[in-house]
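Listed next as structure tokens is one chain, alone, in the form predicted on its own.
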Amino acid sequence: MSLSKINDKATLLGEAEAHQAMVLAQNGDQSHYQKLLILVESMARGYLSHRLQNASDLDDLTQEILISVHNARHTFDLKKPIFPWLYAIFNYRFQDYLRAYYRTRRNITQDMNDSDERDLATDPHLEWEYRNLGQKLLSYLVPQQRRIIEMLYVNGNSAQEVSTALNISVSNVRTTAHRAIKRIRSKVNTQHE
């Protein structure tokens, strides 16, 4: 038996297993729903691992995919194969990530090109403005989010260091930071509209 036939057989078995787990999950079987989410997480990581270089982005996007599958599970047609449905969600979330990523990069580049050539170190007024802006952005956050953002991005701690200091998981640190950044973006975008 050739390697491609073995892979095809494994894929068919995986799809059959995922489909069965979805059928049972839609009928209220929590253990099969957990099994489905574990399988989806593994598939999503495989899908994203060669597309993303940043481990934090990979974790965040995998979580967003899991949330999307959870929120859209009622839309799955049990008569159809599950893998195309899942990969459509993976692709949609990845495209959404790319749009946000390039929009942010474009805005940062534009801001850098539009800004004064003055150096922060030689202009105390400009330094004061940036510090105030930073404080204003942090004021949009709840205390736990603010603490994590300050530790990660102001103090330069790693997610592991923040995790240890606050006695929470690394995953929780990353999730909270991701949500905090989304909250700041949302507040800034609504103010500019």
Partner chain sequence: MNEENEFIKSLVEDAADTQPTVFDIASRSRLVILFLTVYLGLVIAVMGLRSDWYYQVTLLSYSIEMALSVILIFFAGIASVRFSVPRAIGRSPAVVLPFLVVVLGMVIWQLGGVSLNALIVSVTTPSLSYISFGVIAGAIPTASFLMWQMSQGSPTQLKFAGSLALLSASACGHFLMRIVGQAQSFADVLVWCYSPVIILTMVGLMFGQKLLKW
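Between two forms, the rigid core is defined as the largest C-alpha subset superposing within 1.5 Å. Residue numbers count along the first chain shown, from 1. Because the structure is predicted, anything quoted here is derived from the model rather than measured.
Beyond what is shown, the protein has a form predicted in complex with the partner chain; the following relates to that form.
When contacts are defined as a non-hydrogen atom within 4.5 Å, all of Gly28, Ser68 and Thr175 contact the partner chain in the predicted complex. By the criterion of a heavy atom within 4.5 Å, Leu166 is excluded from the residues contacting the partner chain in the predicted complex. With a 4.5 Å cutoff on heavy atoms, Phe94 does not count as touching the partner chain in the predicted complex; it lies far away. Using a 4.5 angstroms limit between non-hydrogen atoms, Ala72 touches the partner chain in the predicted complex.
Although the partner is absent here, Lys136 is not a contact residue: none of its heavy atoms lies within 4.5 angstroms of the partner chain in the predicted complex. Residue in contact with the partner chain in the predicted complex (any heavy atom within 4.5 Å), chosen from Glu150, Glu161, Glu41, Asp57: Glu41. For the candidate set Gln144, Gln63, Asn157, Ser49, a heavy atom within 4.5 Å of the partner chain in the predicted complex is found for exactly one residue, namely Gln63. Residues Tyr33, Gln34, Leu37, Ile38, Glu41, Arg45 are the members of 31-53 with a non-hydrogen atom no more than 4.5 angstroms from the partner chain in the predicted complex. In the core-superposed comparison between the shown form and the other one, Val170 has its Cα shifted by at least 2 Å. After superposition on the rigid core, the Cα atom of Ala25 is displaced by less than 2 Å between the shown form and the other one. In the core-superposed comparison between the shown form and the other one, the C-alpha atom of Ser56 has shifted by less than 2 angstroms. In comparison with the shown form, the Cα-Cα distance of Val170 and Gly46 increases by at least 3 angstroms in the predicted complex. Panel note: the distance between the CA atoms of Asp60 and Arg185 is smaller in the predicted complex than in this form, the difference being 3 Å or more.
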